[in-house]
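Taking the form predicted on its own, here's one chain by itself in structure tokens.
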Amino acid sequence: MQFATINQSGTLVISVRERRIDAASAIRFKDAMREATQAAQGRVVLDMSGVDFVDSSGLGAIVASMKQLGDGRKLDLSGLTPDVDRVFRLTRMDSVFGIYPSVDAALGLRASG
């Protein structure tokens, strides 16, 4: 599972560099998230703007990643594509995660323009 990570304003931003989070990649996703977040303190934003598809296994892997963060640490999501957003809303996971339209919105940054 390919990720790009950056610390910005005290928040760890993890950008998923894969098109799918599904049964074939769920275990690799969980392992990569555990490794990427081991040293993180506080909030993590998962940038999913490049993800086109999430199935139930992928959704479970994202939930497991949130749970492994433990108390006092938060996982928010950003950049959900329409199909991925639909999965989160249909399963009511949009009430479990903070969901933002972009990383900048998640970080409370103004869009320049």
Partner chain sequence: MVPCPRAEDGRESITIIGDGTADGVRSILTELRQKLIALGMMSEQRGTVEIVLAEALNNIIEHAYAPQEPGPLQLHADLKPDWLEIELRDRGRPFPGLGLPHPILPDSSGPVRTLPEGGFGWYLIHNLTDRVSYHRVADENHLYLGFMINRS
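Keep in mind it's a predicted model, so treat the numbers as computed, not measured. Positions refer to the first chain, counted from 1.
If you look for the form predicted in complex with the partner chain, you will not find it shown, but the lines that follow are about it.
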property	result
Non-hydrogen atom contact S56 with the partner chain in the predicted bound form at 4.5 angstroms	yes
Partner contact for S15 in the predicted bound form: the partner chain, 4.5 angstroms, heavy atom	no
4.5 Å heavy atom contact, G60 to the partner chain in the predicted bound form	yes
Close approach of I99 to the partner chain in the predicted bound form, 4.5 Å, heavy atom	no
Contacts with the partner chain in the predicted bound form, stretch 78 to 107 (heavy atom within 4.5 Å)	D83, R86, V87, L90, T91, R92, M93, V96
